[in-house]
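Form predicted on its own, single chain, as structure tokens, below.
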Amino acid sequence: MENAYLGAQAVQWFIEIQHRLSKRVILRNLSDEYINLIGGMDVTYLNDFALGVFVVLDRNLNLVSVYYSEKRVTFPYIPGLLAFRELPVLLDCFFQAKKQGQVPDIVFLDGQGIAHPRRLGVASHFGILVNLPTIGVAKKRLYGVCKNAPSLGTPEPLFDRNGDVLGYCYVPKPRTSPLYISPGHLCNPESALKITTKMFRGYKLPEPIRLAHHYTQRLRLEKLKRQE
């Protein structure tokens, strides 16, 4: 699917969907006082398959459960339209957890929230669909500008073209590149930053995403070994 082609008319159709959905994003203050279960999601790829993982942690960041899903990729890689590629496998993981009564109070996703050209990264799109607070934490900047380079532990606002704050650039560990933290849904940039900075345990990535990434890579390795 990496070389699959999506025509210009189809691309515009998906962009219009994002514009419409972005109007449903709710940005509001979110306290972590009542956050007891925390979700983390990540997706990796192997051949034509997406491998998704959803981890559930308690408020002390101890692992509670891990849910897996594997689906054939049906959408090509197009910057800005990543959600359409990843949502099928992410939603499958989430609904597995929901069947077990483990719906988290907040979900962290490896990707963008509103720090997106149409303010609808995968974290925002997912949050709208499941009606939960979400936060996007990305390793690369997709949209927005930090006027100053962030220093260790000192966040810098990520601005859009109108000067509105989309999120924050943040360096959690020495000698690492910045992360880009933005609200997905049902929280605002300040809440996203405050909550995310409490999720680090000495690694570059916040613990919910770090653990989800760990299990996607383990799943990928296990499948590679079975193919040998």
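What you are looking at is a predicted structure, and each value in this text was computed from that prediction instead of being measured. Residues carry their position along the shown sequence, with the first being 1.
There is another form of this protein, the form predicted in complex with the DNA, and it is not shown here; the text below is about that form.
A.B. asks: At the 4.5 Å heavy atom threshold, is Arg218 in contact with the DNA in the predicted complex?
C.D. replies: Close contact is absent here: in the predicted complex, Arg218 is far from the DNA, nothing within 4.5 Å, heavy atoms only.
A.B. asks: In the predicted complex, is there a heavy atom of the DNA that lies within 4.5 Å of any heavy atom of Lys147, even though the partner is absent here?
C.D. replies: Lys147 lies outside the contact set for the DNA.
A.B. asks: Under a 4.5 Å heavy atom criterion, is Lys71 part of the interface with the DNA in the predicted complex?
C.D. replies: Residue-level check for Lys71: no, no contact with the DNA.
A.B. asks: Although the partner isn't part of this model, could you tell me whether Leu81 comes within 4.5 Å of the DNA in the predicted complex, counting any heavy atom of the residue?
C.D. replies: Answer yes; at least one heavy atom of Leu81 falls within 4.5 Å of the DNA in the predicted complex.
A.B. asks: Quick check on this chain: which one of Val89, Leu158, Ala138, Ala97 has a heavy atom within 4.5 Å of the DNA in the predicted complex?
C.D. replies: None of the others qualify; the residue that does is Ala138.
A.B. asks: Considering the DNA in the predicted complex, find the one stretch among 61-69, 41-49, 27-35, 195-203 with heavy atoms no farther than 4.5 Å from it.
C.D. replies: Answer to the contact question: 41-49.
A.B. asks: Within 83-112, which residues have a heavy atom closer than or equal to 4.5 Å from the DNA in the predicted complex?
C.D. replies: Ala83, Arg85, Glu86, Asp110, Gly111, Gln112, in sequence order.
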